[in-house]
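Heads up, the chain below is alone and in the form predicted alone; it's given as structure tokens.
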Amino acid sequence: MAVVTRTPSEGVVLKKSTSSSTFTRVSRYVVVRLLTLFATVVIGVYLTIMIANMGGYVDQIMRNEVADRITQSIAANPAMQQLDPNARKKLIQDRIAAEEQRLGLDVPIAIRNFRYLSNALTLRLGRAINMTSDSGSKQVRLIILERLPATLLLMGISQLFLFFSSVFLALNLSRRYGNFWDKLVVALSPTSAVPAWFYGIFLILIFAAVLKVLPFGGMVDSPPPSNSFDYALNLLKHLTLPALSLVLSSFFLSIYNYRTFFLIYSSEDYVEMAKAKGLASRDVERRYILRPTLPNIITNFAFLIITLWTGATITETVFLWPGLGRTLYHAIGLYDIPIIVGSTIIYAYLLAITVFMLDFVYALVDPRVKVGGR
């Protein structure tokens, strides 16, 4: 039998070759992945611009509104009624042209769409068409930043509570498969088909209209409390109903999903073998059930974090909550494309970054996953 020996220099060369191959593989994967995600963001934002403008139909609506507004304004002005009809008609046309130029309606839609796209990709969000911030500014960046804290407060408290409570309760139910509480969660899971805003209306009727223990909506009373402690209590009172409606709309289905996921992994052969070896139940759960499910849990948590940005559009509107969701709802109604595009591009970038980073997180928590590997 021949014995193959490897000198130390050959081992070093082999190690360097392996490291170089790994670096090349990861680098190639990173470049391709970033280009793919960027192309996806570009396509998604451009489609959002096209949909928000309804293929040019919104331009026609805005032109008609401008023409009606200026015509009625001049017709209602007594000084303008003394003008010659031709001069008055010329004045109306000049003012309509000036207003259309101010709104950018004199630029062809294709050029304006690409201008929106270029500005959005470079985060030059520009000025809103109709909406303003509380300070009177039309800067889209200021409008979004002004509404962001309210959305983060509402969505952060409700969604983080929903996530951690669902995982904890689902793990406990998976240990007691088939008992009363497990059957109750399974029976109540269809209640998550009801949207959060419906629960919101139902809660308003009970706690605000009938019992009169919680406010109908808003973020704080008007005028707000003067000292910080009373302000925090008042904010918590206004936060209760919208946060509760968001939790109720997904609570039982979220527990059911995680519970089913844990049950699937707990029935694997290697789990049964670990139990047969006499390992403690806690060790079996930690090493053989929770660890394989960790990528899925991390994915759900990551997507939960970025969805905090979007807010709850209809729920915030029902509760008059001054967040990004309600702002986006008003922007759609007012055809305020810069607001819609600004909110979309930031969410698109957050989503692309999250998807990119998750590939590396998977490789850290699961040794079977290699970045750029097959």
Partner chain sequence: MNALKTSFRKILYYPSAIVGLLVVFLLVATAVYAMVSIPYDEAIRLWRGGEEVWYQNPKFAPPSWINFFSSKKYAESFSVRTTDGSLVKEVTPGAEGTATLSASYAFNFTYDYYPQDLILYFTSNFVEKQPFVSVEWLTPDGRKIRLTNLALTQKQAYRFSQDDKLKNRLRTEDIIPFLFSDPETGAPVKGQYQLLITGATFEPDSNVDIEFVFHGQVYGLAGTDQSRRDLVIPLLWGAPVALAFGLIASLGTSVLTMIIAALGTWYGGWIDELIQRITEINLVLPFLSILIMIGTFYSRSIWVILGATILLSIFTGAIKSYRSIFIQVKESMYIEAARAYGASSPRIIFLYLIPRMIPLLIPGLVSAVPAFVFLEASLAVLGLGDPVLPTWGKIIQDANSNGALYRGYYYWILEPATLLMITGLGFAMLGFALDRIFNPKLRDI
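Residue numbers count along the first chain shown, from 1. Quick caveat, the model's predicted, so the values are computed rather than measured.
Same protein, other form: the form predicted together with the partner chain, not shown, and the subject of what follows.
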Using 4.5 Å between non-hydrogen atoms, is R69 touching the partner chain in the predicted bound form? no
Does the 4.5 Å heavy atom contact test between R33 and the partner chain in the predicted bound form come out positive? yes
Taking the shortest heavy atom distance, is G104 within 4.5 Å of the partner chain in the predicted bound form? no
With a cut-off of 4.5 Å between heavy atoms, is P190 one of the residues that contacts the partner chain in the predicted bound form? yes
Of Q139, N172, N300, T260, the one that lies within 4.5 Å of the partner chain in the predicted bound form (heavy atoms): T260
If the cut-off is 4.5 angstroms on heavy atoms, which of these, V167, I204, M219, V247, is the one near the partner chain in the predicted bound form? I204
Even though the partner chain is not shown here, does it sit in the predicted bound form so that Q159, Y270 and V284 each have a heavy atom within 4.5 Å? no
In contact with the partner chain in the predicted bound form (heavy atoms, 4.5 Å), from 272 to 280, 127 to 135, 205 to 213, 285 to 293, is stretch 205 to 213
Contacts from 168 to 203 to the partner chain in the predicted bound form (any heavy atom within 4.5 Å), listed N to C, are Y177, V186, S189, P190, T191, A193, V194, P195, W197, F198, Y199, I201, F202
